[in-house]
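Shown here is one chain on its own, the form predicted on its own, set out as structure tokens.
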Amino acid sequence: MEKIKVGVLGATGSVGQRFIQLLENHPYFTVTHLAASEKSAGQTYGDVMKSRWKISSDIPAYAKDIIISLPNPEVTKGVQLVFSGLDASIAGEVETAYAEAGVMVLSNSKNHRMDPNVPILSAEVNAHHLDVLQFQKTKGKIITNSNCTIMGVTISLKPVMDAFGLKSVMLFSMQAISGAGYPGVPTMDILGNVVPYIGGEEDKAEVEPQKCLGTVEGGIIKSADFKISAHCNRVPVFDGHTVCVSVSFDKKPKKEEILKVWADFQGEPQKLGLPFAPNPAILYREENDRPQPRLDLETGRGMTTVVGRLREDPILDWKWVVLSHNTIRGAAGAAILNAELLYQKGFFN
């Protein structure tokens, strides 16, 4: 099957850079369209990014000579799909314009997440939510990622929800500074410190998992009815969001039952053998002091959800710790995995 031409919106930002890195030599997709602000438009990506590239590997050679344009679907030249890392201040209108032009949009921005017929797609968790795309009125379609904080949390909840039902969830996040984008949090604010507030984060963490784990009814996504309370904190870690989770179940399981459903869990990406699918999707660490960002973040090329410290909760039922790579599993990598799912399901035929 011929490779699909794709674009990256917000290509010079931190999420855009991850897309450029991860899409190098991809078996399904070839990048032909890069878009960014007026400051970068008209220049080659290599020239613009000489002093702005913030990923440890070099700028991929394929991207260096691509001329950056303003976000405009009229100059896409055969592009069927765009990955959006645009800032929320402009993402809503721009992404809608691409969709109206017939381009599939996979967005990391919050703007469309709570639209009733726009999936917050987590490929292992809710592939059936793709059914609502037929009810979007645009020629192209919009699909979003969840907030990066709850990506791994939702993956850890999916198999236990299916097996035992959920009543309530408590989240306490310790979020890496890269989640704030570049240049991120000022040094004097974060070194030796914990910032117990991230604007808008708790609101998203308390509604997006319910939609991700919801059902499709009458052409819209109906959110699951369990309750969530979230505390979100910025900590001096470069990459990797760590979340402490406490859960109350409809039917309290035994520890070995939870470990089994995690170990057995396979979503559509694993069943289809998609290139970015981690295997296993969830890895449980038995050590008392794991997972840790320094030791576990690159598991499954940054795509695996690493879980540990499963133990009984004296107030709810059970509690555990989740680690996920916020710019790979929580952003660019998740969107690419979603696109691979679309590809294998024939959305580009």
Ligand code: NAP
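Because the structure is predicted, anything quoted here is derived from the model rather than measured. Numbering starts at 1 and follows the sequence shown.
This next part talks about the form predicted in complex with the named molecule, which is not shown.
Trainee: Pick from 153 to 161, 84 to 92, 215 to 223, 273 to 281: which stretch has non-hydrogen atoms within 4.5 Å of the named molecule in the predicted bound form?
Mentor: So the stretch in question is 84 to 92.
Trainee: Could you tell me if all three of Gly140, Pro269 and Ile336 have a heavy atom no more than 4.5 Å from the named molecule in the predicted bound form?
Mentor: Not a single residue of the candidate spot has a heavy atom within 4.5 Å of the named molecule in the predicted bound form.
Trainee: Only one of Thr76, Ser173, Ser178, Gln210 comes within 4.5 Å of the named molecule in the predicted bound form by heavy atoms, so just point that one out.
Mentor: Result of the distance check: Ser178.
Trainee: Would Arg294 count as a contact of the named molecule in the predicted bound form, using a 4.5 angstroms cut-off between non-hydrogen atoms?
Mentor: It does not: once the named molecule is placed as it appears in the predicted bound form, Arg294 has no heavy atom within 4.5 Å of it.
Trainee: Whether Tyr182 contacts the named molecule in the predicted bound form should be assessed with a 4.5 Å heavy atom distance threshold; does it?
Mentor: Contact check for Tyr182: yes, within 4.5 Å of the named molecule in the predicted bound form.
Trainee: So in the predicted bound form, does Ser40 come within 4.5 Å of the named molecule, heavy atom to heavy atom?
Mentor: Residue-level check for Ser40: yes, a contact with the named molecule.
Trainee: Would Arg52 count as touching the named molecule in the predicted bound form under a 4.5 Å heavy atom rule?
Mentor: Arg52: yes, in contact with the named molecule in the predicted bound form.
Trainee: For the stretch 324 to 349, which residues lie within 4.5 Å of the named molecule in the predicted bound form by non-hydrogen atom distance?
Mentor: Heavy-atom contacts to the named molecule in the predicted bound form: Asn326, Thr327, Gly330, Ala331.
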